[in-house]
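Only one chain is given next, in structure tokens, and it is the form predicted on its own.
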Amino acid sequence: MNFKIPIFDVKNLSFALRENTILSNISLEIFHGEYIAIIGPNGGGKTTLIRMLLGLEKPTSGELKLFGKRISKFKEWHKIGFVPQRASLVDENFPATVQDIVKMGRIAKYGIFAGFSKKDTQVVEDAMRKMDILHLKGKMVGTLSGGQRQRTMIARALASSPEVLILDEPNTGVDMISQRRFYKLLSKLNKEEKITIIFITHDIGVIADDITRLFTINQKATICNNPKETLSCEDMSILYGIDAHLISNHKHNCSGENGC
């Protein structure tokens, strides 16, 4: 039994839009230091769940606590860094450097009128260094590759010194080599910086190596405490409602007439 206070404590959470049920009776806990992947079909409610965790949507029913406080009383949003969908898809003519973008994350923590101290500058540089983009700080963000823009947006989130980092399908528009690098960076942030990581992904075949738990969301939630053993063709077929074929580097196999 875990007696620690969860970062996110979700109980019987439901969300409906125009009488259309998006999420139904979701209950889950997320603790400090976890590395969690969320998967599920399009329209299954993954992004809606994240938006409720961020206070951007109000549940139709249920209870949500952040760091032990009811979400209506929670004010320390700088503890949660967020990288939204398509964050790496930037207009090529956007007039900002990498450093400008990352500084926005620091400004978001203290406000635009708080000034920018030497400590703030150091935190911004540290965030860029962690994402291996410090050498790009003077580059216009629109000239970067998809992977470089992805890391810039993560650095912006890190500039607020968050305890939690939430990413919604961050690999959109990013090539396979950059994706592999991205997962290594996430794992490093989790293990070395002790940042709790939560991310939505469709990359089912590459997520099980490091994550501590897997949440499958399709209106309802299933919590997988041992992702390496849980991922299977049958599981994915049930989740996505199709005849799933997993392509993975893991050493477990799926048997049956459909194979993998």
Ligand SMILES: Nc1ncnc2c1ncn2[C@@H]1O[C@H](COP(=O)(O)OP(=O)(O)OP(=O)(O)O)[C@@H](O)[C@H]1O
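The first residue of the shown sequence is 1; numbering continues from there. Everything numeric here is computed off the predicted structure, so don't read it as measured data.
Although not depicted, the form predicted in complex with the ligand is the subject of the following passage.
If we define contact as a non-hydrogen atom of the residue within 4.5 angstroms of the partner, is K191 a contact of the ligand in the predicted bound form?
No, no contact at 4.5 Å.
Is N42 near the ligand? Define near as a heavy atom within 4.5 Å, in the predicted bound form.
Result yes; N42 sits at the interface with the ligand in the predicted bound form.
Looking at the partner-bound form in the predicted bound form, is K46 within 4.5 Å of the ligand by any heavy atom?
Flag for K46 set to yes.
With the partner left out here, check for me: in the predicted bound form, does some heavy atom of K220 sit within 4.5 Å of the ligand?
Judged by the heavy-atom cut-off of 4.5 Å, K220 is well away from the ligand in the predicted bound form.
Go through 29-37, 191-199, 65-73, 47-55 and give me the stretch that gets within 4.5 Å of the ligand in the predicted bound form, heavy atoms only.
Looking at the other structure, the answer is 47-55.
Can you pick out, from S178, Q85, S145, S187, the residue that has a heavy atom within 4.5 Å of the ligand in the predicted bound form?
Exactly one listed residue reaches within 4.5 Å, namely Q85.
The ligand in the predicted bound form: within 4.5 Å of a heavy atom of each of L17, I22 and E169?
Every residue of the spot touches the ligand in the predicted bound form.
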